[in-house]
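Take a look at this one chain, the form predicted on its own, written out in structure tokens.
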């Protein structure tokens, strides 16, 4: 596919960025603001595992029941996969990630500076103030570490650039049904946002919108996926083979980060407003009712026939919600299915069969 040829690999992007004097921040899942680092000529490159890593490297520090995203992330570092990066960032999205931050700071003690980001949970009046102070603290520490006198005006420039890139993501989602790409190729484009600079991502998104939007609606049984991430990504190809298609998602790496734009002229407040103006999310303590309402609205808006909970094994922050959410959807007449995966294992035949059976009855 022409569109995939335009997407450079993570390695290519990192090498190119560092060749110009820039630095790299390895960022674990999943709420943070890219502009905070881009203002210092630091490119955030997200670490969602990666899949297929030998997790025995991390077994000395993590319990076997910690999710494979965190196990893989630590093992990737311990096996030398993050030697090229200059900073490590661990947002506290869940207990496992909070534990990972502590492992880095207290035990592994990497050569790279480690940043943690505490994200407010629930809905409180002080949320924006708290998160804006978190961002300001990181900003000041980056000033010290880099020796760069970055102004708040420069930071605001980067914020506005990232907001433009986010508009492109939202446009891709809004025109999804008219874009002649398979789910696999579409999510390859959307997930390239995890590591591409905003300007490069917008270039690719514009190319997709100009050349792959033919107005012909896609065929297949419409469903919504919810979970952390679509890994192994083979699941998207299998879904197409059984005549299904994703019309919207509640993935942590994608749909849950369709942030709204901040309003404040204060850059730290504006970044906090944006992050906190996101869809209901388990990592931020959303209620079951809020998440059920959100999924129900997606089902209604996009005409989906059911919801697939595609959950990483041992992901407690998702698992606590699933029984209640499936019950809530059932009460609204919305079918759902629960599928558990480990991102380090090949896609099991049982998973494919379970998904196929669900799609067939919709």
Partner chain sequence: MKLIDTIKYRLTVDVAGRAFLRYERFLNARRLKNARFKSENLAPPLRISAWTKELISLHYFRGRYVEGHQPVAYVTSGGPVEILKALGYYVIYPENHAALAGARHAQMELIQSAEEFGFSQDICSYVRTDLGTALTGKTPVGKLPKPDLLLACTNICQTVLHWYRVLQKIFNVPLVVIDTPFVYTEAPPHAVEYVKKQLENELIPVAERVAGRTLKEKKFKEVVKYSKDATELWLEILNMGRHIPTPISIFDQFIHMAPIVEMRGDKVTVDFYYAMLKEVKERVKKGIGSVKNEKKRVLWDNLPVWYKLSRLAAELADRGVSMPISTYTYAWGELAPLIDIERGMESMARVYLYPILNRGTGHKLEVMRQMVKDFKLDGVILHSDRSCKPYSIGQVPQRNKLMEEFGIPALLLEADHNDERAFSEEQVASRIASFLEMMEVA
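Only a predicted model underlies this, so the values are computations on that prediction, with no experimental measurement involved. Positions refer to the first chain, counted from 1.
Not on display, but discussed next: the form predicted in complex with the partner chain.
Contact with the partner chain, judged by heavy atoms within 4.5 Å in the predicted bound form, is confined among 246-254, 218-226, 177-185, 282-290 to 282-290. Comment: the partner chain is not present in this chain, but in the predicted bound form one of 277, 146, 266, 102 has a heavy atom within 4.5 Å of it, namely 102. Screening 40, 309, 48, 314 for any heavy atom within 4.5 Å of the partner chain in the predicted bound form leaves a single hit, 314. Of the heavy atoms in residue 324, some are within 4.5 Å of the partner chain in the predicted bound form.
Using a 4.5 angstroms limit between non-hydrogen atoms, residue 62 touches the partner chain in the predicted bound form.
Although the partner is absent here, residue 137 is a contact residue: one of its heavy atoms lies within 4.5 angstroms of the partner chain in the predicted bound form. Taking non-hydrogen atoms only, residue 165 never approaches the partner chain to within 4.5 angstroms in the predicted bound form. Against the partner chain in the predicted bound form, the set 92, 98 and 319 is in full contact: each member has a heavy atom within 4.5 Å.
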